[in-house]
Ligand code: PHE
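Single chain ahead, by itself, as structure tokens, in the form predicted alone.
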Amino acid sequence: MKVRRGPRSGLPVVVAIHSRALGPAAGGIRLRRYPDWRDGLADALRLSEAMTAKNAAAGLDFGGGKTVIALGPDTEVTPSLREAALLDAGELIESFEGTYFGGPDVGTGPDDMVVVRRSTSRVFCLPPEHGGTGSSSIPTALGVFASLRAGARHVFGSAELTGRTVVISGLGSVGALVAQHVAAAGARVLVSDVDPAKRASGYEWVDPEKALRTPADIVVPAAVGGVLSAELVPELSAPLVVGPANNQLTSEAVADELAARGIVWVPDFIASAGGAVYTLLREVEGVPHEEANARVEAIGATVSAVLDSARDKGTTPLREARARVAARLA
């Protein structure tokens, strides 16, 4: 791990590497506000570990890492400050000499990667006109949808979503695409977001504070992590929880509490892997679009295998998924 105050921006920049056992580390560049910069450091450590699990479970020959640019609670992000912070992040990434690659994450996108590339070539997801594959939101949402259908087959006996009620908490770039997939499959879609402007999405709206507690067949955490806690579990009514938000559990013990209530939770590092799978296959291995998309949709088969194995062994999906990751890392 390296922590540096950006020479251009003056902002704390953290690059955390969790594992390079399978290959160079890969993980996004997050630009986010934190109460204290040390909270950003802790976030980088958690997220880098999640990226190790995500890449290993997806069969990718990459380890886990994460970059965090920690904004203060009141930092005004001007265009010049944003550019300076991205250049600082690229410079720190370059210091790892090809053992870590970055990409878009919360607060950054493909256009930002064009700026980062001015400091380092170790960056993915540039816009297509700059030689990259662009936003990873589309394949991420495709993988979540495949996971959701696999979870539905396991819980309800059918992958069909017609007539099911699905609550999506977080209508960002990935959540909005998941909503489109689910609505097209015939489900009733309820959405929530901290941005009230998202009410204009055309879907039924629920208060963000009540979203996860809303009676539904499936709940999709698609915003920030740390939303599934021991206090929340008794209030959940949906028998299936699956979504792209990273680090959804406040602690791994919550997975046991969910299972004790008969709630199936699909490990987030499996459900959210579509973007990583597509990007790394396309940009590193040169795999054609159709083949990369097929690998993303195969996440559904991985989810089915994990859920079935957990049921047969009398354990939780999280323990089964962790065991698979450990075996691959070993």
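Since the model is a prediction, treat every value here as computed from it, not as a measurement. Sequential numbering from 1, following the sequence displayed.
What comes next is about the form predicted in complex with this ligand, which is not displayed.
Specify the contacting stretch among 284-292, 299-307, 258-266, 24-32, defined as having any heavy atom within 4.5 Å of this ligand in the predicted complex.
Heavy-atom contact with the partner occurs in 24-32.
Just to confirm, T52 within 4.5 Å of this ligand in the predicted complex by heavy atoms?
T52: no, not in contact with this ligand in the predicted complex.
With a cut-off of 4.5 Å between heavy atoms, is N246 one of the residues that contacts this ligand in the predicted complex?
Because a heavy atom of N246 falls inside 4.5 Å of this ligand in the predicted complex, the answer is yes.
Taking this ligand as it sits in the predicted complex, is I270 in contact with it (heavy atom to heavy atom, 4.5 Å or less)?
No, no contact at 4.5 Å.
So in the predicted complex, does D88 come within 4.5 Å of this ligand, heavy atom to heavy atom?
It does not: once this ligand is placed as it appears in the predicted complex, D88 has no heavy atom within 4.5 Å of it.
Go through 130-152 residue by residue and record those having a heavy atom within 4.5 Å of this ligand in the predicted complex; state none if no residue qualifies.
Only a single residue, S136, comes within 4.5 Å of the partner.
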